[in-house]
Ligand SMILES: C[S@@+](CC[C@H](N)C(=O)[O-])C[C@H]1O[C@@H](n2cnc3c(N)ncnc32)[C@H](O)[C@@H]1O
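Take a look at this single chain in structure tokens; it is the form predicted alone.
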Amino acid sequence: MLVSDFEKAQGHWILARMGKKVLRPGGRVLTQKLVSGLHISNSDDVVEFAPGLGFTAGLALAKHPHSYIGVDADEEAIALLHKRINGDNIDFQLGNAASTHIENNSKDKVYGEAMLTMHADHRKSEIIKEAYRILKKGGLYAIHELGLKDVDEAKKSEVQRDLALSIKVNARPLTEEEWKALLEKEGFRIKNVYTNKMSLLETKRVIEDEGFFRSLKIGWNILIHPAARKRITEMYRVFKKHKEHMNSIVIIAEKI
């Protein structure tokens, strides 16, 4: 992924430029729980919001769904995905997750990871409404997002402010109850909830997610790119500072 200015680039693209493939807050473990919880079958029509580098798309496509559409607002990401992943009934579309132009009540499974967090609450609701609109009754919607725990409003604002400054995205994580309430407000019924630590940049998690040799390569890339190293160090310090108040969450919900 091309990053021309490490000082201004969003944090996840810097990590991707360094070679990191697993960019979700709960790591490979929670992503696998999300895919497993969707019970994707060969009769399912699946949509992914913001597939990014395509890591989860690969897991979902390994279930051999009837069709798959990935919708992403990043033109470069879409071009990269077209090169990396292809096949019958597989499509990647440049578009907005809040307005996909996909037919009403036409899909069986919809999911998105680490993208609702990046939006204000009203925008989160617009995206959730879009998932509801395109799903068939009884269809499943899964999210994998950054969570908060044991916070009052002052602490919540502090975490959100520090995250925004370090990752250059206006991140707005929520508590488990707030995430569930957003989904229920738009007509979903909560089926399963899974949580994990938010330790995206911890050495142990990186090795678990990426494997030993890729982790070495990532470490070397960070070492030889001082500007990237500076930004990643800033992100690490923020994650460590708020470690007791941040987690990651997967929610599987059903359209009723």
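From a predicted model like this one, the values you see are computed outputs, not experimental measurements. All residue numbers are counted from 1 along the displayed sequence.
The form predicted together with the named molecule is left out here; the points below concern that form.
Query raised in the report: Looking at 190-198, 32-40, 204-212, 49-57, which one sits within 4.5 Å of the named molecule in the predicted complex if you count heavy atoms only?
Result: Of the stretches listed, the one contacting the partner is 49-57.
**Report entry** the named molecule contact in the predicted complex: E184, any heavy atom under 4.5 Å
**Finding:** No - in the predicted complex, heavy atoms of E184 and the named molecule never come within 4.5 Å of each other.
Query - Non-hydrogen atom contact N96 with the named molecule in the predicted complex at 4.5 angstroms - result: Residue-level check for N96: yes, a contact with the named molecule.
**Report entry** Proximity of D74 to the named molecule in the predicted complex, heavy atoms at 4.5 Å
**Finding:** Result yes; D74 sits at the interface with the named molecule in the predicted complex.
Query raised in the report: Do F239 and the named molecule come within 4.5 Å of each other in the predicted complex, heavy atoms counted?
Result: No.
Query - Heavy atom within 4.5 Å of the named molecule in the predicted complex - residue from I128, M115, L80, L146 - result: So the residue touching the named molecule in the predicted complex, by this definition, is M115.
Report task. Only one of K155, H119, R133, K168 comes within 4.5 Å of the named molecule in the predicted complex by heavy atoms, so just point that one out. Result -> In short, H119.
Query raised in the report: Going by the named molecule in the predicted complex, which residues of 138-159 come within 4.5 Å of it through any heavy atom?
Result: Sequence-ordered list is empty.
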